[in-house]
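First, one chain by itself in structure tokens, the form predicted alone.
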């Protein structure tokens, strides 16, 4: 087991990437602090972990609120005698178009993606420094690399990548590694409302991906496991892109250009 005798805190673990990561980490031997603002969803994740013979506990946490973040960390530390791994997965994605984003909506995205990452890192770093080791995995997005719309969310995710690099550089001497992951489109419950209005969305999106499909939460969980494990013991400050080839190149643009040139 790659994470035996380790404790992980995973935010937004009540569904999607967070749930998949919590279950995968538990299957690899970690004791998992399942953090979510949705109690029912978080408890369901813990039940899934325990049904498979793993160990997990639910911690209610609104990770935009510093005292709740501190409680999340302290409860997990008390339950499992420390914390070795933090996966910052909770996020907010709301609003589009720079000219229509008000200050409140902008701040909601920055607070829900970037500030939450900072608060959680601030809360776990002292524990990791005391232990002389630790691993942080921050879930960013391809939106932080390209102009894909959702400008406030994208700016926040770009900030997550930069924050991760700075943590890696500043705290590497304490045995702490920090890396980020940039997923492409992943089939999670966050898309449910959109898909109800536009059932063909994923089929259209798939055409832009070299692998001709969108991703699965378990595929991001696998990447997080690698970065959290000793398999990545010399990997820090990196941004792992897990996007089915989306950012590697625009094949469809090339096809359009060739098409125009031959007509």
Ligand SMILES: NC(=O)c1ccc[n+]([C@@H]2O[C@H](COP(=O)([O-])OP(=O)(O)OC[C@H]3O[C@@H](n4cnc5c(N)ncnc54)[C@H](O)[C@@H]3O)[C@@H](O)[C@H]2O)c1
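Residue numbers count along the first chain shown, from 1. This structure is a prediction, so every number in the text was calculated from the model and none was measured.
One more form of this protein should be noted, the form predicted in complex with this ligand, which is absent from this view; the next part is about it.
In the predicted bound form, this ligand lies within 4.5 Å of some heavy atom of residue 63. Contact check for residue 55: no non-hydrogen atom falls within 4.5 Å of this ligand in the predicted bound form.
Within this chain, residue 201 is remote from the site of this ligand in the predicted bound form, having no heavy atom within 4.5 Å. The closest heavy atom approach of residue 195 to this ligand in the predicted bound form falls outside 4.5 Å. Three-residue candidate spot 6, 30 and 128; no residue lies within 4.5 angstroms of this ligand in the predicted bound form by any non-hydrogen atom. Look at 182 to 190, 74 to 82, 167 to 175, 99 to 107: in the predicted bound form, residues with non-hydrogen atoms within 4.5 angstroms of this ligand sit in 182 to 190. The contact with this ligand in the predicted bound form, taken as any heavy atom within 4.5 Å, belongs to 38 out of 229, 38, 238, 206. The partner is not shown here, but in the predicted bound form the stretch 9 to 26 reaches within 4.5 angstroms of this ligand through a heavy atom at 12, 14, 15, 16, 17, 18.
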